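Only one chain is included here, represented as structure tokens and corresponding to the form predicted alone.
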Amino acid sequence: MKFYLEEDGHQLEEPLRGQLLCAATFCAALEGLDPARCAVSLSFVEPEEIRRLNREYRENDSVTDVLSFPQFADLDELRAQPLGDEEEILLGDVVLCLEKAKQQAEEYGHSLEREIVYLFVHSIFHLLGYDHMNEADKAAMRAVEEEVMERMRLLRKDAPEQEDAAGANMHRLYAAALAAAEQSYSPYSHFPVGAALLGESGRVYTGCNVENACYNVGICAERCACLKAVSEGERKFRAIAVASPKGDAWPCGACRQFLAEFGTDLSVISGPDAAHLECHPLSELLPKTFTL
């Protein structure tokens, strides 16, 4: 999923950026679209700006939490578009009022992270032709929203627990890795990779692959993240997630050996996308490490 972000002075933390990427990927896939070809624009604005947009486009002089501006009238129109094999599908624009999202998160008693992701998911489905003008349409839209939020492990506060904390953390770590992949410097392989390494302290260190014309002096995302962590004094690690918008990105042999220097009991998380993650202990991926 291509992500055009305008923060307008608001700093969007890397893990949340990854969560939004994952959520948009789920939304597109649920509607039978190829997430790799889809794109969406997201802007964070102040209350005054979203009020102005409401007046101009909806004749509604009020501050709302989010606005959606679809590129297509409905999903059938989108699917009917003649597109080249690599042509990007711009679904439309989402405008989100961060201050309103903060107020609602407090009112509903859940995290700001969940509120922002939910509003974004709600808007993506508007871009895909969903609406809630009557009870039937509202129910259909709510069903797909809840499915995506469940997959994201971001349930409502009053919803029953459906997965343990380890599963939720796995997806959040993967989201951070996916966000880190956006910073990849990969002009030769054209295969961006991001990694998110969870230290024993609870801190997450991210890295991306950095390639070089002299191939052997480039560095993989996993080792980039590990070097950052070690340089900050971290020596023990719980888990690492590795992600690429291109698909599977399991650590290479060199990275497995590099990580094993600091212990083989950490969990390694990866998969083709957030919906199909696997988690294996490093000792399973590298059963006999080299040691001195």
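A quick note: this is a predicted structure, and the numbers were derived from the prediction, not measured. Position 1 is the first residue in the sequence shown; the rest follow in order.
Not on display, but discussed next: the form predicted together with a small molecule.
Of the candidates I124, A221, L178, L197, A221 is the one whose heavy atoms come within 4.5 Å of the small molecule in the predicted bound form; the others do not. Between the options V193, L128, M152, V95, the residue in contact with the small molecule in the predicted bound form by a heavy atom within 4.5 angstroms is V193. Comparing 232 to 240, 248 to 256, 29 to 37, 46 to 54 against the small molecule in the predicted bound form, the single stretch with non-hydrogen atoms within 4.5 angstroms of it is 248 to 256.
When the small molecule is considered in the predicted bound form, T206 lies well away from it, no heavy atom lying within 4.5 Å.
Contact check for E211: a non-hydrogen atom falls within 4.5 Å of the small molecule in the predicted bound form. Though the partner is left out of this view, S189 does reach within 4.5 Å of the small molecule in the predicted bound form, counting heavy atoms only.
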